[in-house]
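A single chain comes next, written as structure tokens; it is the form predicted on its own.
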Amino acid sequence: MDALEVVEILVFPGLTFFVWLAFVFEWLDRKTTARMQGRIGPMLAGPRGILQPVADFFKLTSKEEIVPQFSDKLVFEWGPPFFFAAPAIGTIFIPVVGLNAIVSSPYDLLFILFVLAFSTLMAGMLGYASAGRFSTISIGRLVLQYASFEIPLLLAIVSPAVAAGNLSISGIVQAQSNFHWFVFVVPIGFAVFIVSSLAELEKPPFDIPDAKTEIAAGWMTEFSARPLAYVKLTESLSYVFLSALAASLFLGGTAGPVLTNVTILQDGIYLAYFLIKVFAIGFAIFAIKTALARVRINQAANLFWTVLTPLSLLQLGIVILLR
């Protein structure tokens, strides 16, 4: 790779861009939740509190780190950066400026499926390494929930790939030019993806592994200081990653009419399309998670196995027949 490619991966439109987008997402999440509950939300750090997530991150990194006596110290201390690496690496395959991602291959969608599985695996390893009683309960719930939502999530992701006849995210985006969005072709797949994403993010109504009123913070209970900062940042980055993935697979991502031949203006228009779609999906997720109450693990498993899995299979079958 040359110097420009390294800058693109690490700065823009790569990791640094997505990290700052994750901070904005966390602020919007807290603001949306507060408004829906009749509160104000963060107000002090930055204009209307927009820098509060950044302040919280650096505050956590400066605190004293407490390592449980019986924990696996190697995994406990060094696992969070690997947990962060999962969505961080996944973002480089998402087109942000133009119709092609920074890194693209004919089968990068398969790698994205690995990234999603690896993220859940790392959460389970971190919870097990902390050796706490709340963490142990959380891991059992996490594994059961993962086994329930992973199949409908996979089928929902495969549906637009089949419709496009392409396993590359960039190729799927290019197939949706001229507003030929796959959300109109595979609407059931889009709905299943959003519901499964809530389970992947462990957000209401599927915040069962870290139910605060039952098991404190679940598998994150024993974490503090720098490791907790990485875990919290990873949660926000996963928000952005899944929203960007949904926008690319179902809403055309950066695709849209570009009425200029100036390269800089074209890049700005592509970026604007991308951000509008990502924030629209993000707001939908924020509103859904705030409006719904937590369900029990057996109810979640029943929903994914008996409702969403058959629906996603039906959607995939329809797409295959239409092709």
Partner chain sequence: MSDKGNNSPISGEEGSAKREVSAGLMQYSPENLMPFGPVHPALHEPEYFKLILEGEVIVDAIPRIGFVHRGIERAAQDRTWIKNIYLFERICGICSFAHSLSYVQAIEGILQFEVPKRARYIRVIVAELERIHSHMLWLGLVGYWTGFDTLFMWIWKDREHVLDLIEAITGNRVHKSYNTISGVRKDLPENISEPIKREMAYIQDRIRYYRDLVSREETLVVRTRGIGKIDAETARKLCPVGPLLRSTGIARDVRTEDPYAAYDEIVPEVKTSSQGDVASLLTLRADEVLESCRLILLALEKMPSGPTKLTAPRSVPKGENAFHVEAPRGELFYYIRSPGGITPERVKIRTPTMANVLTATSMLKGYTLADVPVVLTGMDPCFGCMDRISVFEVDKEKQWSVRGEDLRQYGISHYKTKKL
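This structure is a prediction, so every number in the text was calculated from the model and none was measured. Positions refer to the first chain, counted from 1.
Keep in mind the form predicted in complex with the partner chain is missing from the figure; the text below concerns it.
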Exercise. Hey, in the predicted bound form, does residue 99 get a heavy atom within 4.5 angstroms of the partner chain?
Worked result: no
Problem set entry | Contact flag, residue 296 vs the partner chain in the predicted bound form, heavy atom cut 4.5 Å | yes
Exercise. Hey, in the predicted bound form, does residue 171 get a heavy atom within 4.5 angstroms of the partner chain?
Worked result: no
For this session: Answer yes if any heavy atom of residue 205 is within 4.5 Å of a heavy atom of the partner chain in the predicted bound form; otherwise answer no.
Result: yes
Problem set entry | Of 239, 84, 149, 134, the one that lies within 4.5 Å of the partner chain in the predicted bound form (heavy atoms) | 134
Seminar exercise, completed: The listed residue (264, 272, 36, 280) that reaches within 4.5 Å of the partner chain in the predicted bound form by any heavy atom is 36
For this session: Please determine, with the chain shown alone, which of 227-235, 134-142, 178-186, 245-253 has non-hydrogen atoms within 4.5 Å of the partner chain in the predicted bound form.
Result: 134-142
Exercise. Who in 215-239 is close to the partner chain in the predicted bound form, meaning a heavy atom within 4.5 Å?
Worked result: 215, 216
